[in-house]
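Shown below, as structure tokens, is a lone chain in the form predicted alone; questions about how it binds or moves come after it.
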């Protein structure tokens, strides 16, 4: 198979940032994806419906002429979030989910939830309205090893949450372990998961190949090869419980290549091409459309896109950023090649 035509895919987990960086990174996503669930962890975070709608307008204003892209907005869950705000978000028709960051778990998560019990009225409102809860599933307990934080979160927090709110629709985002794969598989259909391209393609050795590689540092951190293999099997299985979410997270070069580098991998400039490479390596290209274009839309109760995207098996060089401009993010695999490209030539120029 040297060409592959898909229903135009969607990205169900994306960071677009704001301001100048938003304008820089948005075109890469819009070239590949029709829609994206946009993360709310700005500074300050997007906590209200009004803030989400204002952010949506800034995204649309930054979209280059001639490009079509629909941002699907989210709210940032805090200890102060109220059920009335959830109702306003639902009624807006533009806010599609609420994001649960455990406080301190990752970039710009300091305002996140400190205790799930504080949000019980919010979870009840979401359950009643059918609004999905998107979870960064890691504990922040310093006594828990960083490579075990996802599995411990499932045991300590996710299982009780699903018990107390059995109809709450949940996406366990950017899963990284075979523990998470097994749990999602064995859970009711109210639970689904997104998987990133970088967790499909790389294990934790990538962070240390030839030295410390900050552009492979993300949270949840890359795991052992056994976990990567489990993710590949899940993504390519054809199960509708697993779908595409890039977690593309741009940071200026100066913030990644520093004494305390930010977590996040910027994959947007070759996102769907990287997924195609992962599925191709697993001899599962015929399963990519479900994972990339159908299952996420079905979980979010949205229609499939009507247009298509064609990929071809032709090497594409991922662009490098100007080394003199430390404000620009460095893409995953910058200066290297990906074995697939968008056939119409609209890949990153």
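Residue numbers count along the first chain shown, from 1. Note that the structure is a prediction, hence the values are computed from the model and not measured.
Quick note: we don't show the form predicted in complex with a small molecule, though the next part is all about it.
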Using a 4.5 Å heavy atom cut-off, which residue among 197, 218, 86, 171 comes into contact with the small molecule in the predicted complex?
218
Note which of 90, 223, 149, 136 lies within 4.5 Å of the small molecule in the predicted complex, where distance is taken over heavy atoms; exactly one does.
136
Partner proximity in the predicted complex: residue 228 to the small molecule, non-hydrogen atom cutoff 4.5 Å
no
Is residue 341 close to the small molecule in the predicted complex, meaning a heavy atom pair under 4.5 Å apart or at it?
no
Does residue 159 reach the small molecule in the predicted complex, with heavy atoms at most 4.5 Å apart?
no
Might residue 264 be said to contact the small molecule in the predicted complex, defining contact as any heavy atom within 4.5 Å?
yes
Counting only non-hydrogen atoms, which stretch in 186-194, 121-129, 74-82, 104-112 is within 4.5 Å of the small molecule in the predicted complex?
104-112
